[in-house]
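To begin, one chain is listed below as structure tokens, in the form predicted on its own.
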């Protein structure tokens, strides 16, 4: 099939890298680092090439019958490249950060081998062309991230990993049930930008509503929708690069992206609205937005506060999906990218504070701004973006969601957005205040012998770059190739056959 080699090559870069890394002796650090960075760079180039081709109307895909009546399908469409572009870009910086973060630690070949399998799974999810293919990579993601969560091997890490695997495999079982029932009812449905089910026999509507609930529940585990979110804060025992991966690049985004596919590409937004399933989904998302923010307020551990912030912020994506209309769709889709950029910055910074200063709690951050100015400036920018201060990335999201709510005659969403922003301010601004306005602590380790840098260069520059992106995607939101412009393109194709 025309263009088949690009999706396959994109997956092969990480799969091949993982095999090489697993085979390398532990002491071959330079070769492992080279393989990691080359694979991440090549993957970004391949995704960029596909994105440009999709923009020009080219087709990239492959399809073959894997089981009788069931096809394995990889396909690059506009919404696939939205998720693939985010994953490829942030994975490059997460790889650089992880190399610096894990310097001198044991079991790096195992870590980076599963790390590469994880990125392959994520790109497979992005490029999946039907629910069957999506499910294969979705479960592959579960299995490849578990060793990363338990990487440190402590009792606390093993408990977190056990909870993670119970939640995610349980969610996978529910998702599989929904996929099988939908297959029995409608056959093997490929993803299509306007959906497939409009025109289904009305006698099937109750069954389709039940299947929708199963699919969303299964995907809602990874998307951390309340009450399915319990694994996420517990998993914060993992190393900082894994936390960034869970929250910004792969796992929670895979759940949210799956809900996007179900609503738009299987059911179709018009048919989903006619079934009456969107408004209940919006209420679940709105409750999750507020609940996550309230729980974040009371967390003294910095990474747990960021974890509950993720519970809230990912629900913005689902909320936008639930607003019937292109403006809400744009708001939800653009937040898929914007939240990833902001949240990866915050977790990189949290890792820097832990590695350089030994700081893990919010009340230990007093005066860290002057001690680590670039890290703290990056954290401040990302925090302001999460609050929704213009002209940063988070403001663009909330502006579009607000407009989408009004256009969909769901004005009750506006107070949810305002209350969420207030709560965001209440749990982020005290951290910013401690960083810059509290007296410098006197018991921190002296600066490392790294010239004028405040920490290892590979730990410092990734959050600085992603903080700059947080500013740029807001300031340049109207530019032709901004995340907002691409989300506009996706929404246009979803609403106009």
Partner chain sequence: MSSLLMAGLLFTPLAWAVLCLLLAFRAARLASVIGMLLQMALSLALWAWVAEQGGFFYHLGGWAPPLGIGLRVDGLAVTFVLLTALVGAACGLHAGLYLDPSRPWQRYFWPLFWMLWAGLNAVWLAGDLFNLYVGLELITLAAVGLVVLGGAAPALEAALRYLFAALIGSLAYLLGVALLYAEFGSLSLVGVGEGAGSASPAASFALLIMLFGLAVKAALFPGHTWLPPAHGIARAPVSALLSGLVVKAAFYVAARVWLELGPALEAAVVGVLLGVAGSAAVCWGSWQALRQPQLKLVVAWSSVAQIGYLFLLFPLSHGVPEAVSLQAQQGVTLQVISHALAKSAMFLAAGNLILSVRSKRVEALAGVSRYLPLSLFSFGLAGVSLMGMPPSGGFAAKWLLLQASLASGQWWWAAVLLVGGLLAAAYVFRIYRASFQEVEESDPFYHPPRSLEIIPLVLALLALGLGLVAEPVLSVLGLPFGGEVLSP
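Given the structure is predicted, the values throughout are model-derived calculations rather than measurements. Positions refer to the first chain, counted from 1.
As for the form predicted together with its partner chain, it is not shown, yet the points below apply to it.
Although the partner is absent here, residue 83 sits far enough away that none of its heavy atoms falls within 4.5 Å of its partner chain in the model of the complex. By the criterion of a heavy atom within 4.5 Å, residue 147 is counted among the residues contacting its partner chain in the model of the complex. Not displayed here, its partner chain is approached by residue 183 to within 4.5 Å at the level of heavy atoms in the model of the complex. With a 4.5 Å cutoff on heavy atoms, residue 103 does not count as touching its partner chain in the model of the complex; it lies far away.
The stretch from 87-95, 200-208, 159-167, 346-354 that comes within 4.5 Å of its partner chain in the model of the complex, counting heavy atoms only, is 159-167. The contact residue chosen from 191, 135, 231, 308 relative to its partner chain in the model of the complex is 135, the criterion being a non-hydrogen atom within 4.5 angstroms. A heavy atom within 4.5 Å of its partner chain in the model of the complex is found for one listed residue only; from 276, 227, 358, 153, this is 153. Heavy atoms closer than or equal to 4.5 Å to its partner chain in the model of the complex belong, across 272-303, to no residue whatsoever.
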